[in-house]
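Take a look at this single chain in structure tokens; it is the form predicted on its own.
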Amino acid sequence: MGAVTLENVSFAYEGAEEAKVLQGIDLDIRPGEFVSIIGANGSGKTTLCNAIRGFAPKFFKGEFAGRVLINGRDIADEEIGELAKEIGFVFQNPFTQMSGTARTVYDELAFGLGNLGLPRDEIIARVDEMVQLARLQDLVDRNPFQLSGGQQQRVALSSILVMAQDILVIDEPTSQLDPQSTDDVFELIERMKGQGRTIVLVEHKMEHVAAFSDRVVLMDAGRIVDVGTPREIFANPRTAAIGTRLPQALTIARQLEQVGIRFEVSPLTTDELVGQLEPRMVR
């Protein structure tokens, strides 16, 4: 039984019933798996995340068909508040994630735990652990709204991670971040996977998708058109043909192939690209 299972899921937003954003989605995500969802803008990635989290159709109204199962249970029978104990959702914009009431980063991390009614000693212990894990020691006394974009996203992500849900649905967490902040966020997500959590990620920075994902789900026009390892998905010509950006290393490799340089394996990272080019370099 998967941690997340979608069975023939379709969805159209209220008022646009003729334009299905999701169409016949079947997907099974195993416990502890890191799965990235990719595709061109408008392919249905965020709506798929909303369906997994129960926001569609519980919050975003519309015509819904099929079933979404979390650890074998149909979420149609679950309240949003109960689902929040098992599924953490990280939004693209950290402002959306912030409580708006916490005066410090430390209080922001404690906010959700307090809403669960946990004992004070347990809240302190879990927040202290997350501060260390996310390397937020220098920020704990700062106002969350006076931080840089990268710092805010780390705090927003940490405020969800501290809740210790088994499943994390993360929607484009690095879209507004510089390269260093992006690396920091992915390092934190990778640590969560190391703890056995299931990760469902929507991301446009394909270098990181290729480096971190166990499997990649390719979407187009509301449908899943392919599922496989990062190498299987990115090496398939159809991925680029439907408007999905490729990892930079693979893009460079394909340009080099046009002038006669061949690669035994499609390189997905800079290290793989350099590793295959170095033996051919004239010393």
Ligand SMILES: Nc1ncnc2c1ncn2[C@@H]1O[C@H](COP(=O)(O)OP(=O)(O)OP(=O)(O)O)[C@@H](O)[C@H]1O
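Since the structure is predicted, the reported quantities are computational estimates derived from the model, not experimental observations. From 1 onward, residues are counted along the sequence shown.
Just so it is clear, the following notes concern the form predicted in complex with the named molecule, a form of the same protein that is not shown.
Though the named molecule is absent from this view, in the predicted bound form it lies within 4.5 Å of a heavy atom of just one residue from 252, 240, 40, 65, which is 40.
In summary, among the residues 166, 78, 172, 184, the only one with a non-hydrogen atom within 4.5 Å of the named molecule in the predicted bound form is 172. Of the stretches 231-239, 66-74, 46-54, 26-34, only 46-54 has residues with a heavy atom within 4.5 Å of the named molecule in the predicted bound form.
Using a 4.5 Å cutoff between non-hydrogen atoms, residue 93 does not count as a contact of the named molecule in the predicted bound form. Interface membership of residue 142, defined by any non-hydrogen atom within 4.5 Å of the named molecule in the predicted bound form, is ruled out.
For the chain shown alone, residue 204 is a contact residue for the named molecule in the predicted bound form, at least one non-hydrogen atom being within 4.5 angstroms. In the predicted bound form, at least one heavy atom of residue 21 sits within 4.5 Å of the named molecule.
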